[in-house]
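Next comes just one chain, in structure tokens: the form predicted alone.
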Amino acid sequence: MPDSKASISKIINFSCVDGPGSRLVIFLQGCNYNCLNCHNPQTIDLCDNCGDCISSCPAQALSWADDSASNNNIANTVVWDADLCTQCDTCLQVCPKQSTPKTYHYSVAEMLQLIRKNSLFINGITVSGGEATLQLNFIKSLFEAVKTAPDLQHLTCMVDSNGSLSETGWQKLMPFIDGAMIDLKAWQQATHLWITGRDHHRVFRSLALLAAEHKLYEVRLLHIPGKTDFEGEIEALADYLQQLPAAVRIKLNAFQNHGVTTEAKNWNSCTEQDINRLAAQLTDRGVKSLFLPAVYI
């Protein structure tokens, strides 16, 4: 089992919105997209340990690591004390990269210990992000360990992804995942590039591969009225969604501008009426298995 540790921004022990049943959700730090609408921009970049945040922390929850081996107190690594932290987010405001030093680092063995503590109360594990697949080796090792452990084999293993992983990467995960939830952030290439900073060729390849392997659990469409192109491309979108396996869920998500720091903070939030209109357009064109937001906040 690898000794390397994953960089993790958050762990939710019980979630009912990140795959089937009750799930332990691991949010991995780092993303290869730079979405204008991202409401967790602090999860995009990895902390580069510049130290600018240390002196600004009012709770003194940040410090340099103690490197006794080099006879000094500066090991070029910022350490976060979660017990002292008040979650004021001053560190995010002063960071030149708007990244966060408030991350956890777990080895596969350490994560398995946490999973075992919750295993009787959950149906599975979901890795999310940021973009989880940037830490592919950790996910593969973790899921392989779960699938081969007699006391954990009842848990399903899911990946929540933007779909940018290569086909080779998906093939490494395929024996150990029960399903994937993929974001389709726009239909047209130009719109996707504008919103995310990346093209969507790999997204469609990921969707095709996962569907063919019966591992595509859900396609997620984030509706941003007036910005995403789903309504303008409704015929092509509906035709594509109808060609996916009938068991695939189509999840409509509503954009909200809380936490957004780019120009998107001035975009209008998506209302229930906006979602209902898009859902009706898809339904009228034969798209089934639609799932709408439970709340709009």
Partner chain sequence: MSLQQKIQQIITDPTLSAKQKSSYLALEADASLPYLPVSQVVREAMDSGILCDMFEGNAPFKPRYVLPDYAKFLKQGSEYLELQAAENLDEALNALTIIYHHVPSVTNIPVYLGQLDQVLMPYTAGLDEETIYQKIKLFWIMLDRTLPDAFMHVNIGPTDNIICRTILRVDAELKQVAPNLTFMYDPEITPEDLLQQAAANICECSKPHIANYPMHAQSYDQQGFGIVSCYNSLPLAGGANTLVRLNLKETALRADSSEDFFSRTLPHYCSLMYELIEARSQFLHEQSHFFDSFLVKEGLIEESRFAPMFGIYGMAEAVNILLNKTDLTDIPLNNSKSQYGHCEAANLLGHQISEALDRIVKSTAVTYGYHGRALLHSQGGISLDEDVTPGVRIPYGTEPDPVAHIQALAKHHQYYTSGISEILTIDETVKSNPLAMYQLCKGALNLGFREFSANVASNDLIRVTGYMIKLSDIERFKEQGSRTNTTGLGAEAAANTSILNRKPRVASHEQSPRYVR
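Positions refer to the first chain, counted from 1. None of these values were measured; they are calculated from a predicted model.
Note that the form predicted in complex with its partner chain isn't included here; everything after this is about it.
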{"item": "Contact label in the predicted bound form: Gly21 to its partner chain, heavy atom within 4.5 Å", "value": "yes"}
{"item": "Contact label in the predicted bound form: Ala280 to its partner chain, heavy atom within 4.5 Å", "value": "no"}
{"item": "4.5 Å heavy atom contact, Asn123 to its partner chain in the predicted bound form", "value": "yes"}
{"item": "Partner contact for Ser289 in the predicted bound form: its partner chain, 4.5 angstroms, heavy atom", "value": "no"}
{"item": "Options 94-102, 190-198, 144-152, 110-118; stretch whose heavy atom lies within 4.5 Å of its partner chain in the predicted bound form", "value": "110-118"}
